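Only one chain is included here, represented as structure tokens and corresponding to the form predicted on its own.
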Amino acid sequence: MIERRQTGTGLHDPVLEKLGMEIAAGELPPGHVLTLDGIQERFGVSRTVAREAMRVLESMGLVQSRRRVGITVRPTADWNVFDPKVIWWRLSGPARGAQLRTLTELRIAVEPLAAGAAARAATPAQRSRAVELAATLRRLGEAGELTEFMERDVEFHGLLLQASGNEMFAALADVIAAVLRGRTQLGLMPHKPVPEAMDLHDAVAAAVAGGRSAEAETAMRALLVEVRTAMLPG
């Protein structure tokens, strides 16, 4: 329960989460007008807390504040769809399927190229770590330790984006992390990762470690196609 008259750093978080979820779900549609007074009354918070929550939503492109109009919900096209919170809110709402589809298509477009680039540009330490992580993923996957598997999977994919030497790919690490964590936290992962997925992680890591760019790209594409098929069988 939100305490009344909250002030201070971080106290806007419950307000932010609730309104962000409602906007992402379409419960507060584009054009809907919010006011600071209304937020204060609804959540029982101070004006400072209400204003901070709106400031964060505005920085994400979800709302726009205008004098004598109020705080207006913006169309989806204006949102910062790469913001990890926005991704989480959309994954948590009724448009989950569409968000999974678009995120998976983004991954298929980017990650194979990043893996191929990592095979060319990774440092020896990054190559070694990729192999270590693939082995760890197999062990955790076979044991059904999904939470730890998720964290190491986040590290594996983030490592390859960083190792690609392409700052544009590396900037997507938080986006990929958000969807990987969302899949587990929302119960969209099988009880144990399928053997094919673990085999493909091994193949990607081995190709990167061996400097085989084309093989790394092909294996990563196959891995993500397997992910797409598992999550979006239709």
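Counting begins at 1, following the sequence as shown. Only a predicted model underlies this, so the values are computations on that prediction, with no experimental measurement involved.
The form predicted together with a further copy of the same chain exists for this protein as well; it is not shown, and the discussion that follows is about that form.
In plain terms, the part of the chain that comes close to a further copy of the same chain in the predicted bound form, with a heavy atom within 4.5 Å, is 161 to 169 out of 203 to 211, 27 to 35, 185 to 193, 161 to 169. A heavy atom within 4.5 Å of a further copy of the same chain in the predicted bound form is found for exactly one of L146, V110, I71, A122: V110.
Using a 4.5 angstroms threshold between heavy atoms, E151 stays clear of a further copy of the same chain in the predicted bound form. Using a 4.5 angstroms limit between non-hydrogen atoms, H157 is distant from a further copy of the same chain in the predicted bound form. The closest heavy atom approach of R51 to a further copy of the same chain in the predicted bound form falls within 4.5 Å. Taking non-hydrogen atoms only, I87 approaches a further copy of the same chain to within 4.5 angstroms in the predicted bound form. Along 13 to 35, no residue reaches a heavy atom to within 4.5 Å of a further copy of the same chain in the predicted bound form. A decrease of at least 3 Å in the separation of the C-alpha atoms of W88 and E167 is found in the predicted bound form, compared with the displayed form.
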